[in-house]
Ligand SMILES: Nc1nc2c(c(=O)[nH]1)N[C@H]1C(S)=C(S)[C@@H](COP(=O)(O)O)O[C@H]1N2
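Shown below, as structure tokens, is a lone chain in the form predicted on its own; questions about how it binds or moves come after it.
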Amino acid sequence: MTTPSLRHLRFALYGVLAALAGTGVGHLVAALTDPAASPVLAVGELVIDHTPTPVKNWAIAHFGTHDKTILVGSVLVGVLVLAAAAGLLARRAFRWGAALLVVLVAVALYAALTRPVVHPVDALPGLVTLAVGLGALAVLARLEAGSRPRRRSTIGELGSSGVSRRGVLVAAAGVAAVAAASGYAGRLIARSRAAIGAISLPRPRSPAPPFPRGLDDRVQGITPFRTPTADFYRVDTRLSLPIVDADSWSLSIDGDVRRAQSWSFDDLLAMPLIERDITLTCVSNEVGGPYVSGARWLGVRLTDLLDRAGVGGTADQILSTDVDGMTISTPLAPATDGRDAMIAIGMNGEALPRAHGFPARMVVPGLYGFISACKWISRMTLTTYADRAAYWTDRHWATDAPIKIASRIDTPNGLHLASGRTFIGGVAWAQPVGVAKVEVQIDGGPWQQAALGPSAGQDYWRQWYLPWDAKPGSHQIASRATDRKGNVQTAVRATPFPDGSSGIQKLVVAVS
């Protein structure tokens, strides 16, 4: 005889299986239409939009690039807990469990349909999720009722079919298989759609100098001088990558301009292109943090595009909008002061990957990415801060955020080190002026000047190293950079919010 606790457990499992099947099929439908409309991803992005800034900073600091995975996992766990509750309610009356599933899907539909850019088809994944989830729960609940023919069903409106317990297990396994197969197929399709075909990038009219050989082979553990594209940091609010077709994409300029303009991807390819080595930094980067990378970018000068439009006399910001409505606010003055700001279409010799903004993104050296690096850009509106506010501005981040002078210690990269001759090494950046020197302090002693690696330009980071005879014991290591104007990296500690972290990185190493 089945105990009441086991029956409760089975109905909770039916609710979970129904939710997984609905979510899996809904994710599959979203992969075929718009991945961002997937129920779990849509709810996840809704959570991101409404998460307080301190919580976001905490998540990035503690989870790093895994923050999105943890967020999606947390949303899914919450959904499954509520789905289990729906299964338990269905044991008493199917309509109660169904009502809770309807509420869950309604939240997902709201999330999908309140994004900045929405199409009618974005409702389809949620509706399919609801239909499949309700259908699966109904089937499992009916079969469970029919497997106890001599007892009155606790979900009387579903009746009794007199099926065996084995039939219930087979049905549950079938629902689980639908959930797994559809979810896996959705991932494969989304990955396939995200692939970028062969794109031939033209040679730049203004190429970058030959890239110098860094210290990668000479100082073990130091950050590579050029960041491989696959390792380039990524911090944004997206749980799914926009699938943009370069043939139908366009970039427009409007607002306070004399002539509104629009260009296709082919139009940008035909313009005079520049190639530059530029380091990008995220404002969320803590002192000594990983969210900074260097790459070679190919693109059209931002001022070339703005000159064609003719900027008016009142604008003080460029409000960039991406293909899904995300907005980034860039101060006009530093973007047009002669630095190599561009609309980039290439990265490290190839077309931009989708994760980094394909088909085009903004790159402005010397400004943190949240005000200068709009990915998947589709529109630039010349306006004023008084008239228009961007996503991060509404969340009280700074509107003017130049990258602060910083240095990072890469090696030694552990808390324990064998005694003997070794190196202290790392990277430093001081955009858009360039690094003049890096100094290292050991155990609070005098600052010692480190040797610098080769330069790839004032907008690019420098590698550095200092030979060190490590003696047994505990040692504190610190580093600081000085730019070419004589400005020294500040020791004043500041958190990333609202305009970037500052301070001196200090490591304690035990030498044995």
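Counting begins at 1, following the sequence as shown. All values reported here derive from a predicted model rather than from experimental measurement.
Although not depicted, the form predicted together with the named molecule is the subject of the following passage.
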Spell it out for me: taking the named molecule in the predicted complex, does every residue among K404, W429 and A478 have a heavy atom no farther than 4.5 Å from it? no
With heavy atoms only and a cut-off of 4.5 Å, decide whether W392 touches the named molecule in the predicted complex. yes
May I ask you to check whether E275 falls inside a 4.5 Å heavy atom distance of the named molecule in the predicted complex? no
Do R234 and the named molecule share at least one heavy atom pair within 4.5 Å in the predicted complex? yes
Taking the named molecule as it sits in the predicted complex, is L305 in contact with it (heavy atom to heavy atom, 4.5 Å or less)? no
Just one stretch in 417-425, 217-225, 93-101, 354-362 has heavy atoms within 4.5 Å of the named molecule in the predicted complex, so which one is it? 354-362
In the predicted complex, which of the listed residues (G133, G126, G369, G87) lies with a heavy atom within 4.5 Å of the named molecule? G369
Only one of A373, L71, A335, V440 has a non-hydrogen atom within 4.5 angstroms of the named molecule in the predicted complex; which is it? A373
What residues, if any, in 292-326 have a non-hydrogen atom within 4.5 angstroms of the named molecule in the predicted complex? D322, M326
